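Encoded as structure tokens, the following chain is the form predicted alone, with no partner shown.
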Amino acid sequence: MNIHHPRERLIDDRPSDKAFHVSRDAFTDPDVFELEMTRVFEATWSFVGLETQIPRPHDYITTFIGRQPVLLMRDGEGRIGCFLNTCRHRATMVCPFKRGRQKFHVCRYHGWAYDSAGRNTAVTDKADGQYPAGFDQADRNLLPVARLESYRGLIFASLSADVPSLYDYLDDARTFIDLVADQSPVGQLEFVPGDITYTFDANWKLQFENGLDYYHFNSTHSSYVDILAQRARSGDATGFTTELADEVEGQGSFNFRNGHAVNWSIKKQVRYGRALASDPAGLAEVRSRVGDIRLKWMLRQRNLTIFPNLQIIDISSAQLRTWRPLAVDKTEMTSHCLAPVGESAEARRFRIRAYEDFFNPSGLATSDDNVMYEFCQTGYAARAGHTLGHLRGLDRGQGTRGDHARELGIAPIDDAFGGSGFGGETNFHPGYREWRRLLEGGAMEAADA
């Protein structure tokens, strides 16, 4: 499959002219979708799970890398492996369950068996099979993914060997994973039981953008904003006052290499509360370990996107969500409540209630977003030229401000900051630049832009 001049056709990116436009075809063209699956989702690092999801030998979970099913499990020695979830005999999915614990996985079609290290341990009626010479010497084990690494307990896999180390791939986005993991007294993260999977009838890039988009909040989630105001008037608010008397309120973003970005905000009065702030003893313990500056950043709202399929939203609660494109106009979302291992019972109770309040189709915000995605997908069918949805923040020029980044010891490729109504859109750009580079068949490397 070939797309003629995808750079010129799909992305109009001219920093010197303060121009950045994405073609509507990027959201509607089935040929683009096919390239995305092959060259993006199945050719770079993808988040596949947490180490704490499979804590014991023989524990497993199943998921997908792009369209390809994978089985993530610990073997009897506690080593983690990730394998294509397909029997070597007739391609049947070996494990059809989402999670569990099994020493052996037996294909339900013809009974071939595999152990938790992926080794083929049995071929049903092999002695009577009249197999050709060499069958016993052939590799019949489950096929491992090309690369498998983890950072702070987050496990990533790649179907391509042509990727950098995960450490290098994450770049300074690592710091924002650290800000979540270091809220735990033991430095580990876990999912609160009860993941949610749902679909929306729109392109996956609408979710990618939305997780980095402050601009939509007051209009799309106006009912939630009204509820917060009502809670404040009635005295039911659970907010807290930060210790940031000399800070300027506003919204900012950092852009990193390889398509990652984070947006964040400074608010002296946080109306919706925070699990970490709800537990004074836990807050003091974290402060003693990480210091005032890191704690300050932990208490800020932070929305982190790791390209191409992971977002960690750390606000009133913490949500880890991934997406799996099913079609050019259909996307599957999986959402987890993310929590620091070892937090107090009171903090955990607050976390769960806040998560239920805001996130997922049953909450007060996610359903708003899903409706907007589908409205956008319908609107993209109108042949009205490029959208103007990636321009907020371009007039400040390119380059890093430095002040906020220096506090964290990071060197982003771009750093934006503005007032409380800023809602910059330049934090979409690194993901689209990486997307375009991969569509064009670029070898994986740490590129600045």
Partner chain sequence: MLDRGSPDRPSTASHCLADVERLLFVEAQHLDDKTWETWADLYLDDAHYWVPSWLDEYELVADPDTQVSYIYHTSRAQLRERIGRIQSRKSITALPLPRTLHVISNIVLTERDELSVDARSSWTTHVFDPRTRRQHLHFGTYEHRLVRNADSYRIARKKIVIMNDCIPTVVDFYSI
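Positions refer to the first chain, counted from 1. Bear in mind that the values here come from a model prediction, so they are computed numbers and not experimental data.
The next section is about a form of this same protein that is not shown, the form predicted in complex with the partner chain.
- Heavy atoms within 4.5 Å of the partner chain in the model of the complex map, among the stretches 372-380, 136-144, 261-269, 291-299, onto 372-380 alone.
- Using a 4.5 angstroms limit between non-hydrogen atoms, G363 touches the partner chain in the model of the complex.
- The closest non-hydrogen atom of Y131 lies beyond 4.5 Å of the partner chain in the model of the complex.
- Taking the partner from elsewhere, E249 is found to have every heavy atom lying beyond 4.5 Å of the partner chain in the model of the complex.
- Contact check for R231: a non-hydrogen atom falls within 4.5 Å of the partner chain in the model of the complex.
- Site residues F97, S223 and E356 are all in contact with the partner chain in the model of the complex, judged by any heavy atom within 4.5 Å.
- A single residue from the set D115, D368, D178, D279 has any heavy atom within 4.5 angstroms of the partner chain in the model of the complex; that residue is D368.
- R348 is the sole member of H89, R74, R152, R348 with a non-hydrogen atom lying within 4.5 angstroms of the partner chain in the model of the complex.
- Residues are counted as partner-facing when one of their heavy atoms sits within 4.5 Å of the partner chain in the model of the complex; in 174-200 these are V192, P193, G194, D195, I196, T197, Y198, T199, F200, in sequence order.
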